[in-house]
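Encoded as structure tokens, the following chain is the form predicted alone, with no partner shown.
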């Protein structure tokens, strides 16, 4: 078929299109944002992707871990020697150089604040599309005068600022110009429904932990005060009054573990609370599957600065076929269809948390119905492949 000169030019531009990702949040550094970016990157064309990221840890160990991870990726990864990439003149010059060397025409800032401040320099260097992704911390930035001004600048100099859900959108938008706010687009993290599913190996975990015949409430998360593992421990006496064999399985590690173990002793529920410590990501699906109910009654702290951005763990639990009990912190309710896939409770409320968990543990049919609806919802809206297509369109 004959093509015009304009069509040929358009074809060449499409063929040459590459994206530069600029981020601090990339594996092997652990965390939810890091997993979000990596999963998205894996679903983009590896020949058209260049990642500019910081190094995980200082010294030889951090450099070796980053190098080993990077060697396994199908796309190019360029590491800055620093452990915290900031929009300094030096880092900006490196980003501009990478943009030009690799012929990138679009830029994705893995976290809008503060790296989105590089946007004007990258636009001047030839970037045609600039997308900045926000998570939970930008909603906190929007409440602080100086940080609000930086968010405003980022909004003015990028084409799109993405948001996780309605909670984060409504707060971040207040810091932006009306024009920038109108260009916001939702881009939450997704769930690998092929990894998180009802047959993920929960029976094996139950058998290993001696929980085969016991009702299990599972919480998978980093151990920090906001997540609400302490609320779950305090709720256990009420839960045990109705379900004497119930067990709380706390999956994950973190700085709050010592206090949580002490609280379990003081509450006299140590025989009914199990801590797994930090686990490799590959073992998490089976540990979700070990539960009958997933619960994380997260709460907002520090005057709204410590808040849940979304709570992907609720969606991973739903994909596994579990009903969920979520706290009402920040965007956590966006990850639950209240009354359908689970319930939202007041973060920190021992009474509401215990009541909802007790109802679910006592009603197998309700658990089945909510778990099936959760699985359906993940397949309808939260699959990685669907969300990656949104990102491709934005870029």
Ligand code: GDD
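None of the values given here were measured: they were computed from a predicted structure. Residue numbers count along the first chain shown, from 1.
The discussion below concerns the form predicted in complex with the ligand, not included here.
- Of the listed positions (218, 118, 164, 161), a single one reaches within 4.5 angstroms of the ligand by any non-hydrogen atom in the predicted complex, namely 164.
- Contact with the ligand in the predicted complex, judged by any heavy atom within 4.5 Å, is made by just one of 238, 222, 148, 79: 222.
- Proximity of residue 31 to the ligand in the predicted complex falls within the 4.5 Å heavy atom cutoff.
- Although the partner is absent here, residue 35 lies within 4.5 Å of the ligand in the predicted complex, judged by heavy atoms.
- By the criterion of a heavy atom within 4.5 Å, residue 135 is counted among the residues contacting the ligand in the predicted complex.
- At a distance threshold of 4.5 angstroms between non-hydrogen atoms, residue 178 is out of contact with the ligand in the predicted complex.
- Proximity to the ligand in the predicted complex, taken as heavy atoms within 4.5 Å, picks out 277-285 from the listed stretches 239-247, 208-216, 277-285, 121-129.
- Residues 308, 309, 310, 311, 312, 313, 316 are the ones in 308-343 with at least one heavy atom within 4.5 Å of the ligand in the predicted complex, listed in sequence order.
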